[in-house]
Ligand SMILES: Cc1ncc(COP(=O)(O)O)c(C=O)c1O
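A single chain comes next, written as structure tokens; it is the form predicted alone.
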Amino acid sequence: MSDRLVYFNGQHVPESEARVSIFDSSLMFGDMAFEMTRTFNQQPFRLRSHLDRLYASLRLLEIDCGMTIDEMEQVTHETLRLNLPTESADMDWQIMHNVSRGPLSIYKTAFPEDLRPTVSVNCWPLITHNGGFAPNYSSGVDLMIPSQQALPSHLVDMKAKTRSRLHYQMAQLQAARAGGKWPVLLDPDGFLAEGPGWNIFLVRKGVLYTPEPRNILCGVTRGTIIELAQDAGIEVREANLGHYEALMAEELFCASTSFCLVHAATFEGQRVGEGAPGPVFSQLLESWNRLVNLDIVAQANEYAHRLPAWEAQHLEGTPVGTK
């Protein structure tokens, strides 16, 4: 059993005891805002940017979580601090915020202490995310366009990060049936939007392109890559990008909080460039490593080596502890 603690509705409880009610609006409607932040060298990366987006999402959903953003930030640092001793000193972490409206009012008699929003902050070792992901850094990923489209912004504004994500799941299932590919959803106008939980970039004649932010989640990692590119003198354009532009690209890559960035080897069954990391991607990856003072690929490979023993140890119920 894990020794990890979760901040849950005002107190820190064991991970196994952090349970959301079956009457919660998050279960009933997907009515929950969330954020995932990661650490580098055990320090949260751009936490405030993630919290700014969390509180913007809450405003859109009309949820008052009962905490100021400063209080949420303090709770986040405290929750991470409490969990650090459960793993080795070189372990980085996923930090997850989940906030819902709470149980629906028609079930209020089941909650004698009154209805209130559900607020949780949990930390999870990144060894499971990036250890399993590690081979993709060398092989690249294969992109495809699924039949499932992105949601149009006039129905649900995709700038808010919510748990209403059935369209992502359907796209992933379609891509899995196609041989384990990664799906790039099109928006209702037929332009590239995003993947399930990641943004897409392409390079053409030395210019870095990424979809306009009309129908996408504007990722914190996306913004960081744009900054790194501009600092390096690389021209960046947000544009309407279609199937044609992707096929003509010399480089394609994906960006997300956990893995940071990974190149695409193929798009719709056709090789992208030489199928290997291109020069712009490689430059941005090196810039990212310098920014966070960590070789993210080397870390993932080390996690991949350690992952089987880590999982076996945790399944046996033996805490890993600080090494």
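Worth saying up front: this structure is predicted, and the values here are computed from it rather than measured. Residue numbers here begin at 1 and follow the sequence given.
Note that the form predicted together with this ligand isn't included here; everything after this is about it.
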Exercise for the section: Indicate whether Leu186 is a 4.5 Å heavy atom neighbour of this ligand in the model of the complex. Expected result: no
Practice task
Although this ligand is absent from this view, report whether Leu217 comes within 4.5 Å of it in the model of the complex, heavy atoms only.
Solution key: yes
Handout entry: Contact label in the model of the complex: Pro196 to this ligand, heavy atom within 4.5 Å
Key = yes
Exercise for the section: Flag Lys161 as yes or no: does it have a non-hydrogen atom within 4.5 angstroms of any non-hydrogen atom of this ligand in the model of the complex? Expected result: yes
Practice task
With this ligand left out here, work out from 104-112, 78-86, 172-180, 198-206 which stretch has heavy atoms within 4.5 Å of it in the model of the complex.
Solution key: 198-206
Handout entry: Candidate site Arg4, Tyr303 and Arg306: all three near this ligand in the model of the complex by heavy atom within 4.5 Å
Key = no
Completion exercise
Answer key: of Thr39, Asn289, Ser256, Thr266, within 4.5 Å of this ligand in the model of the complex (heavy atoms) is Ser256
Problem - Among the candidates Ser120, Thr221, Asn136, Gln149, the residue which, in the model of the complex, approaches this ligand to within 4.5 Å (heavy atoms) - result: Thr221
Practice task
Residue by residue through 36-66, tell me which have a non-hydrogen atom within 4.5 angstroms of this ligand in the model of the complex.
Solution key: His50, Arg53
